[in-house]
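Read the single chain below, which is given as structure tokens and is the form predicted on its own.
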Amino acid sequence: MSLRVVFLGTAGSIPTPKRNLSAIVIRRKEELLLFDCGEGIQRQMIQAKVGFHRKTKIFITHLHGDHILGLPGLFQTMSLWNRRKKLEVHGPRGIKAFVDAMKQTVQFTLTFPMEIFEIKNSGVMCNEKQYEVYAVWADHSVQSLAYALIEKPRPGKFYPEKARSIGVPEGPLWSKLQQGCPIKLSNGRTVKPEEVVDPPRLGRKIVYTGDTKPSEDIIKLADKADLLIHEATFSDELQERAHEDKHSTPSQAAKVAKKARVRRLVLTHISARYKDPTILLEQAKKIFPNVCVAEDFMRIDIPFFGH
């Protein structure tokens, strides 16, 4: 099952000729999960060819303009293209007032239903059959969230030859065993799932921090993640400025990744002062080698690792 991350905007605060404002989209099967929504998002989505009609959920980290001002344009473009599917928007307190103000003042009519969820406490924000989205509070200058997309465990590998050898007929009983349920055969024997099925396999995990200082809560959220997308607005030389503005440096992001034992780290929310982000990459690599700096339209496919 495909799980692809597309970086739609990787700039911090203001756009640059090469970087749009904050937004990433995760495509899981035919569903889109959009995290943050900087200005010009619909143009980025067109270039990335991710589409406007899929089942979509939006998760906003905080109400700074570079993370939310793309919403009005996105809603209008979706309506002009006659979207019909419901759109979910999740975010901190104030997101509903922002969307309501836009709907009352901008002269267009939505062609699709919308549901707004204001997050008041950390925990599971979205619980689907195959995955959940979990949120914790980040440490920023305004109320801000970090999110994790966590797939639920998949059934272990099923061995048909083992099932046949102990007399389990092909059909519904195989399915029950794959789902972890013991069954009883016509001869009275009980067959346990572990006799014919491997242990459940963990799903994949992607964590997106939004804007934040280094945070113990985010370290816990990112524990053993396949991918951590962490802001690194300022280089290490500007650590004091990062502390004042409640942002992170590459070394700080790398320490979070190392403590959380993640597989891969991507730095984003890059200040416009860094036309060449090599310095950010080098600083992070000294602590956590498997790291890169995000670029607009960069794609990362997250495979199953068999764990």
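Just so it is clear, the structure is predicted and the values come from calculations on it, not from any experiment. When you see a residue number, it is the position in the sequence shown, counting from 1.
Separately, the form predicted in complex with another copy of the chain exists; it is not shown, and the next lines address it.
S.K.: Which pick from 215, 144, 76, 235 sits with a heavy atom within 4.5 Å of another copy of the chain in the predicted bound form?
M.R.: The residue in contact is 76.
S.K.: Within 4.5 Å, heavy atoms only, which of 271, 251, 56, 42 is in contact with another copy of the chain in the predicted bound form?
M.R.: Residue within 4.5 Å of the partner: 42.
S.K.: Can we say 15, 47 and 66 each have a non-hydrogen atom within 4.5 Å of another copy of the chain in the predicted bound form?
M.R.: Yes, all three are in contact.
S.K.: Taking another copy of the chain as it sits in the predicted bound form, is residue 21 in contact with it (heavy atom to heavy atom, 4.5 Å or less)?
M.R.: The answer is yes: residue 21 has a heavy atom within 4.5 Å of another copy of the chain.
S.K.: Would residue 193 count as a contact of another copy of the chain in the predicted bound form, using a 4.5 angstroms cut-off between non-hydrogen atoms?
M.R.: Contact with another copy of the chain, no.
S.K.: Would residue 107 show up as a contact with another copy of the chain in the predicted bound form if we use heavy atoms at 4.5 Å?
M.R.: Within the cut-off, so yes.
S.K.: Give a yes or no for residue 203: in the predicted bound form, does one of its heavy atoms lie within 4.5 Å of a heavy atom belonging to another copy of the chain?
M.R.: So residue 203 does not count as contacting another copy of the chain.
S.K.: Where, among 164 to 172, 124 to 132, 90 to 98, 227 to 235, do residues come within 4.5 Å of another copy of the chain in the predicted bound form by heavy atom distance?
M.R.: Looking at the partner contacts, the answer comes out as 90 to 98.
S.K.: With the partner left out here, which residues of 280 to 296 have a non-hydrogen atom within 4.5 Å of another copy of the chain in the predicted bound form?
M.R.: Heavy-atom contacts to another copy of the chain in the predicted bound form: only 296.
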